[in-house]
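Form predicted alone, single chain, as structure tokens, below.
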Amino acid sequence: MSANLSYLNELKQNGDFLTLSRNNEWHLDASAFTLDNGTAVTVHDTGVIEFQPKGITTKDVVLSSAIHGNETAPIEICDELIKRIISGDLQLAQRALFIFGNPQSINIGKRFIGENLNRLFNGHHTVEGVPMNNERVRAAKLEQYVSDFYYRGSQVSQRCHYDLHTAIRGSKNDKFAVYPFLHGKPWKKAQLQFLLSCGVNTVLMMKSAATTFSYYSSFVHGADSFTVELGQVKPFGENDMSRFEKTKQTLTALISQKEVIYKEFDASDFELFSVHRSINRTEHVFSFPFSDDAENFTGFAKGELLATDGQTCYYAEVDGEAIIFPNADVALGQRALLTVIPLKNTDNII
């Protein structure tokens, strides 16, 4: 056994895959073992661990966190679930793949090291003329691990991927999810009910392709996939984990039960938005007129200034046009702001 595989006994004892990943920031030799309850455990790489329970399963579930390393609450949720599975406290009924996306960025408490990992999926990690870096290599590997996981599952299993985040800013709607662009396919009531059970009643319907991890799983593998924002970024130790109890309970039920029954769909339970437009930063001089503590979902009156990109000014085009994910410090060419408006036509929800 190589020195890098000596971690197995310790992992079996304490289940601390997060610390193991943080101590091996970019690579960990693959290995496998079996729990006393028959669940097969496969460590594919640093931050990537798979659980295959005995018996027939009906769902192939990917739970990812730390795509941005400073978004700690989802990391803590997944860390707890992994420990419970390895200890035998949580018996699985479904296949599950857990991913800590960027262990080095966890260690430095930053969103990323050199490049935003969540802008490198769906093939965008390899671009002619753009040099590779650790995050581009990592994005390619994560795509492959997800592909392999789904392909080894049953062809009739439901594929799910919930990419768990916290937002840079506070939000008028504390928790919200992003439904990737489905290219004309309908949105699913069952998935909205799952989100509601997680404590998430606000959902943004995207209307174009993206470079995010959740869009990759949705577009390439047909997974029910979401980016799920669970409040605001906080350092380790400063999260009020009681605020995530519904999320933890729902994720636990998802992977430990054969079937989960959610309450009947009621559109009035939700605040649904459609993306109105995306504003990219194209100039070095880029700014917002609102303060750094302006919350997501803050609305603007028609004609109010939203952003200044060099000599170009962007104004609200409709009353109530609201801001999401404003970040003036993104790289040139990347999205600096989404704006959204309430979704009025819900005929596409089945």
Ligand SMILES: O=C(O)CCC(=O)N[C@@H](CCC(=O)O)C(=O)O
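On a predicted model such as this, the values are computed, not experimentally measured, just so you know. One-based numbering along the sequence shown.
Absent from the display: the form predicted in complex with the ligand. The rest refers to it.
- Scanning His276, His221, Lys83, Arg111 against the ligand in the predicted bound form with a 4.5 Å heavy atom cut-off leaves one residue, Arg111.
- Only one of Arg119, Arg159, Lys175, Lys189 comes within 4.5 Å of the ligand in the predicted bound form through a heavy atom, and that residue is Arg119.
- Stretch-level contact check against the ligand in the predicted bound form with heavy atoms at 4.5 Å: of 99 to 107, 249 to 257, 143 to 151, 226 to 234, the positive one is 226 to 234.
- Not displayed here, the ligand is approached by Phe325 to within 4.5 Å at the level of heavy atoms in the predicted bound form.
- Residue contact with the ligand in the predicted bound form: Arg22 places no heavy atom within 4.5 Å of it.
- Mapping the unseen interface onto this chain, Met205 falls outside it, with no heavy atom inside 4.5 Å of the ligand in the predicted bound form.
- Though the partner is left out of this view, Arg138 does not reach within 4.5 Å of the ligand in the predicted bound form, counting heavy atoms only.
- Taking a 4.5 Å heavy atom cutoff to the ligand in the predicted bound form, the one contacting residue in 71 to 88 is Glu71.
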